[in-house]
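Only one chain is shown below, in structure tokens, and it's the form predicted alone.
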């Protein structure tokens, strides 16, 4: 997140506030404040890069945002390919970011009928703001929704129906099929150590701990992910087996089993949460494969979890992954496939439905040549 000071005039008075948003989204060119506006007029202003500070009823503001989104998506053309789809999504997101609310010091929202937003914002920013913020309502609603998910947690069948709790900014393990693959795959004959590379919520490290592996290291470059994983591991009672490290890819040493579930699509992230979904040009995947053999104990295994959605979207050739595995000095011991069960795979209205219908998620069990 970045902060920049924005200025505007309202009721003939000069106002300033810090604009809080993802650095990928530019600040609005100008600002206006209002407590009544229809979606058509709001959208006209947004296309002129005008930020609209909403002073009206909180729930009416949510309705206005929903109407803007509906109008934009109704007007949108069907994207011919993934890259146009992503560009269209980015353009839409930047428009939606221009309906703003003013957050008072102490995480207070003064709009009529506004809820207490402090628990949701404390989840993101542990220290309350001392100055006035301008925040996109779209972003605030995302924080509120993420906070509710964080409290509720995600039920994990592979952990005996226990829950993994995930805050905003950390990848949530909603797709249970790949977790089942890891829970059921045959372990190496002798296994004392395992690494979970890109641990995220810590769910795979927890599944490995549940399977009885005595020493596990989970790594991640995202500090929020490390904090999240640590809380989940402690909550599940596996802190005696799992150590967490804020590390890029591999810790020092070698392991008997190295597991990685990298981002599956080779595209650029449009915001912070998408960093766990997109791996530009497969940089992480390729680096993992190229380096992993040096960290593998004799007779050890590499478990790579990948979807072939990128292939069905034309973003990766079907032969590419096997070629990268071979070039890394690895060969396939076993490959287990499963079809996705998540709602998007069944949603015919989703722009990527045709590709998702053909998607397969695989666990590649690899050994060094």
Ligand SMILES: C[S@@+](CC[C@H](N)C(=O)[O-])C[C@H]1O[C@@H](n2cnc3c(N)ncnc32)[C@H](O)[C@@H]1O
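Here the structure is a predicted model, which means the values were calculated and not measured. Positions refer to the first chain, counted from 1.
Quick note: we don't show the form predicted together with this ligand, though the next part is all about it.
- Shown without its partner, this chain lists 141, 117, 276, 183 as candidates; in the predicted bound form, only 276 has a non-hydrogen atom within 4.5 angstroms of this ligand.
- For the options 241, 129, 111, 247, the residue carrying a heavy atom within 4.5 angstroms of this ligand in the predicted bound form is 247.
- Comparing 167-175, 230-238, 209-217, 294-302 against this ligand in the predicted bound form, the single stretch with non-hydrogen atoms within 4.5 angstroms of it is 167-175.
- Residue contact check for residue 136: none of its heavy atoms lie within 4.5 Å of this ligand in the predicted bound form.
- Taking the partner from elsewhere, residue 221 is found to have a heavy atom lying within 4.5 Å of this ligand in the predicted bound form.
- Residue contact check for residue 97: none of its heavy atoms lie within 4.5 Å of this ligand in the predicted bound form.
- When contacts are judged by a 4.5 Å heavy atom cut-off, residue 153 does not count as touching this ligand in the predicted bound form.
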